[in-house]
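What follows is a single chain, given as structure tokens, in the form predicted alone.
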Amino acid sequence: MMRTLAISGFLASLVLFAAVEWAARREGSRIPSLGDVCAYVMRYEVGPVPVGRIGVFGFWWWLGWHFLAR
């Protein structure tokens, strides 16, 4: 039961993500695409420290550690 619930949650998240990305790529849309959001985050710096890049790297590390490591 819990496995089915978890899979359903991931599928719902995937569908929602695809719908938002589709809406962002329409002509004249004011919704930023995932690429635009990532570019904005990656440019964030505090002085000479690229905080945005460190945050994105940390997010990918966390994602890989929790979902891909066995």
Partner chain sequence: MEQPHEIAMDVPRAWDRPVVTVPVLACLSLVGGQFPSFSAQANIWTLGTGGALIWLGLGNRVQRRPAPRRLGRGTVWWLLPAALFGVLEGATFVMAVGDEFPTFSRLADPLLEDQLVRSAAWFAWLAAFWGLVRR
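Numbering follows the first chain given and starts at 1. For the two forms, the rigid core is made up of the largest set of C-alpha atoms that agree within 1.5 Å on superposition. As the structure is a prediction and not an experimental result, all values here were calculated from the model.
There is also a form predicted in complex with its partner chain; it is not shown, and the following applies to it.
Peer 1: Using the partner position in the predicted complex, report whether Val46 sits within 4.5 Å of its partner chain, counting heavy atoms only.
Peer 2: Val46: no contact with its partner chain in the predicted complex.
Peer 1: If we check its partner chain in the predicted complex, which of the residues in 1-40 reach within 4.5 angstroms of it by a non-hydrogen atom?
Peer 2: If the 4.5 Å heavy-atom criterion is applied to its partner chain in the predicted complex, 1-40 yields Met2, Arg3, Leu5, Ala6, Ile7, Gly9, Phe10, Ala12, Ser13, Leu14, Leu16, Phe17, Val20, Glu21, Arg30, Ile31, Pro32, Ser33, Leu34, Gly35, Asp36, Val37, Cys38, Ala39, Tyr40.
Peer 1: With both forms fitted on the core, check whether the Cα of Trp22 differs by 2 Å or more between this form and the one not shown.
Peer 2: Trp22: C-alpha displaced by less than 2 Å between this form and the one not shown.
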